[in-house]
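Presented below, as structure tokens, is a lone chain in the form predicted on its own.
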Amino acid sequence: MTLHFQPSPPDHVPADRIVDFDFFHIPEGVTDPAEIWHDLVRRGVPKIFYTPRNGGHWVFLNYADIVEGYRDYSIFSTYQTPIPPIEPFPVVQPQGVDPPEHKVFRSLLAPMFTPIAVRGMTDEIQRRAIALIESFADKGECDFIGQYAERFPTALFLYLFGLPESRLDEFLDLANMFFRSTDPEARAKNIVEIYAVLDKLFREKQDNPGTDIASVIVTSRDPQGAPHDWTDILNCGFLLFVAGLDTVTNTMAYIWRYLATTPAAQQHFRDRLDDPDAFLLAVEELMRINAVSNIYRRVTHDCEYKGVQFRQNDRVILPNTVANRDPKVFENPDMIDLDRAVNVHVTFGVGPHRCVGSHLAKRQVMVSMQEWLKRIPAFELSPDQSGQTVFGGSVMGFSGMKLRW
């Protein structure tokens, strides 16, 4: 097989820009996976550096460079970007396609995730949050990841796609393998399994369409009135599967971890349960400080960027957690200010590929917090957390988090 998107040997990288850094590896004793990124900043490594780990890739550490990596698709493509490199890799629609081609499926998805559309989902989101929380509220404890943060967004995905909730554990297993495994054979097998599930789903919706998102995608037509290419339909389903589950799960994990260790923050939100504007303002700050995703890009051609030589197919990582704490952009960036008025965080990206589901993600977090605080008294981390529960990678987070009240 000819590999078209493999990076070249790093003989174009000067020695002073090479840093030994593995973003999948969390050292023993580190309790917050984001700290491996902020440690780079504290150490004063170059703001654009190269690591030979995971197939070799660049890392941007400046807010301005990270934003440029998002915006300038003429250099930094979203097409065929995985780290470590995998070929062939699904061309997810629209996220894995550069402008202007990305507009076809982005225009299809965008109306389903506008603020107005998401407000129309609020009753269902609220109902599901209440049911999950009340299943353990009187027990005085829970594993927040396993009993809420994983199950809530995945179950909502099944509902929005018109799938039965009985398949929740199946989809959780598929998602966890996709996001956690670094074994190439296991990852390739997992992708095949996800696509098989999506193919069956879309064929069923093609024969018996409903009002769910999967039905809208499979019955839509291109500007000439023809059905979309079947592979593109599957790739769009794949994007929605992988994009909306793990990031919401681990954003919630980070936020609840902060609340569990900060009684004053719990009270701040309890005092604003009847003030949605102030509540959302504070949620935005927690979105800023708890950005969990590290986004990939691929260099389209040999070029120079800010004095650094890039080669075609070089990979680049844009760590949102670093951008969101850049002191040139945010005043007192490491301080959590729940009344922060100006908040230009990049948690959902910027530019043509800004997360189309950002309003839904925020609504899930906000409603979950509101219903939790109405039903759960002051809560804290349980002292008997088991072992190393943190992980790195494209999405950082925690595999378990015991809370008690």
Partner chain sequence: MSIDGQPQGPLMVVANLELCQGHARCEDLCPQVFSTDAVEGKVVIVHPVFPPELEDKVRLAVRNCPEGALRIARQKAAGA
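Positions refer to the first chain, counted from 1. From a predicted model like this one, the values you see are computed outputs, not experimental measurements.
This protein has a second form, the form predicted together with the partner chain, left out of what is shown; the following refers to that one.
Peer 1: Verify the flagged residues 118, 162 and 167 against the partner chain in the predicted complex: is each one within 4.5 Å by a non-hydrogen atom?
Peer 2: The answer is no; none of 118, 162 and 167 reaches the partner chain.
Peer 1: With the cut-off set at 4.5 Å between non-hydrogen atoms, does residue 378 touch the partner chain in the predicted complex?
Peer 2: Close contact is absent here: in the predicted complex, residue 378 is far from the partner chain, nothing within 4.5 Å, heavy atoms only.
Peer 1: Is residue 31 near the partner chain? Define near as a heavy atom within 4.5 Å, in the predicted complex.
Peer 2: Residue 31: no contact with the partner chain in the predicted complex.
Peer 1: Decide whether residue 351 counts as a contact residue for the partner chain in the predicted complex under a heavy atom distance cut-off of 4.5 Å.
Peer 2: It does: once the partner chain is placed as it appears in the predicted complex, residue 351 has a heavy atom within 4.5 Å of it.
Peer 1: Are any of the heavy atoms in residue 127 no more than 4.5 Å from a heavy atom of the partner chain in the predicted complex?
Peer 2: Residue 127: no, not in contact with the partner chain in the predicted complex.
Peer 1: The chain here is shown without the partner chain. Which stretch in 307 to 315, 245 to 253, 110 to 118, 170 to 178 comes within 4.5 angstroms of it in the predicted complex, by heavy atom distance?
Peer 2: Selected range: 110 to 118.
Peer 1: Could you tell me which one of 186, 280, 131, 192 places a heavy atom within 4.5 Å of the partner chain in the predicted complex?
Peer 2: Checking each option against the partner chain in the predicted complex, the one that comes within 4.5 Å is 280.
Peer 1: Of the options 362, 53, 38, 47, which one has a non-hydrogen atom that comes within 4.5 Å of the partner chain in the predicted complex?
Peer 2: Checking each option against the partner chain in the predicted complex, the one that comes within 4.5 Å is 362.
Peer 1: With the partner left out here, which residues of 334 to 350 have a non-hydrogen atom within 4.5 Å of the partner chain in the predicted complex?
Peer 2: The stretch touches the partner through 341, 342, 343, 344, 345, 349, 350.
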